[in-house]
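Below you'll find only one chain, the form predicted alone, shown as structure tokens.
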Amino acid sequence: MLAKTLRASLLILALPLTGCVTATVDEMVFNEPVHGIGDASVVILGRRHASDYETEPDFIECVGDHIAARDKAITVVGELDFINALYPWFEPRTAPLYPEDLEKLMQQAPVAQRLAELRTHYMIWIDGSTVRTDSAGSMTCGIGPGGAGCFGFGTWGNDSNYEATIWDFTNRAEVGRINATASGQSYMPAVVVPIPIIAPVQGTACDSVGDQLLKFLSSEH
């Protein structure tokens, strides 16, 4: 009986183990570049001034990697590299909250100089997070005469909600806004071996935001 159970578990492991995810994207663009951004660069930063959550650094990295991988002509400045280069003006407590703040910021000679060195044309603020919404089920694990094993079933949900705001350093203005939401249910059945079936909620939101930003930035319109 144990051999049959293990064989069934291994067959399940060979299947695509991903849960279902639904996603929606809203886009509002005011002034899209006609020929891409040329030899300029773009920086993607996470908003982290909220008291109850912070935009995850790995999500920011994911969006940047998504853009860079799909259009080699776009130079994406790393978030940490940018923050270090412009310390302390883009720390969470000092970073500009509104496009109107850019004019005052650009009056700081070190800021203007470093932005010129980085050739930064667009700055994209991403605000949001992925949270667990609910969970249910139970699982027990133990060791018996036939060996160790787990039995049970668990499920949980995740919701992602991110908003990307595009700022143009040249015009000191907001030129676009993208909102992406994703939700999904993950599962953990266990018959001897726990088998996680994970819904890639955050990854789907990353791809959604990245694809829309590519439409804005890419020279391959």
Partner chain sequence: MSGSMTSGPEGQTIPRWRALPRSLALLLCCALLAACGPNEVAVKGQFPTPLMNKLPLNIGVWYDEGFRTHEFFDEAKGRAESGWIVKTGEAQTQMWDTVLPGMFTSVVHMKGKPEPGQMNQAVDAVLIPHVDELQYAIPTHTNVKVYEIWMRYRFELVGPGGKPLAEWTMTAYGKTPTAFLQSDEAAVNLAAVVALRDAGANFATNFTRVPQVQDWLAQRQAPPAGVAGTQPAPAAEGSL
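These figures come from a predicted structure and were not determined experimentally. Residue numbers count along the first chain shown, from 1.
What comes next is about the form predicted together with the partner chain, which does not appear here.
Asks: Checking a candidate spot here: are S51, Y87 and Q108 all in contact with the partner chain in the predicted bound form (at least one heavy atom each within 4.5 Å)?
Replies: Verified in the predicted bound form; spot residues all in contact, yes.
Asks: Tell me which of 52 to 60, 149 to 157, 66 to 74, 180 to 188 has residues with heavy atoms within 4.5 angstroms of the partner chain in the predicted bound form?
Replies: Careful reading of the contacts points to 52 to 60.
Asks: Check whether L102 has any heavy atom within 4.5 Å of a heavy atom of the partner chain in the predicted bound form, and answer yes or no.
Replies: No, no contact at 4.5 Å.
Asks: Wondering, does D134 line up within 4.5 Å of the partner chain in the predicted bound form on heavy atoms?
Replies: D134: no contact with the partner chain in the predicted bound form.
Asks: Is there a heavy atom of T94 no more than 4.5 Å from a heavy atom of the partner chain in the predicted bound form?
Replies: Answer yes; at least one heavy atom of T94 falls within 4.5 Å of the partner chain in the predicted bound form.
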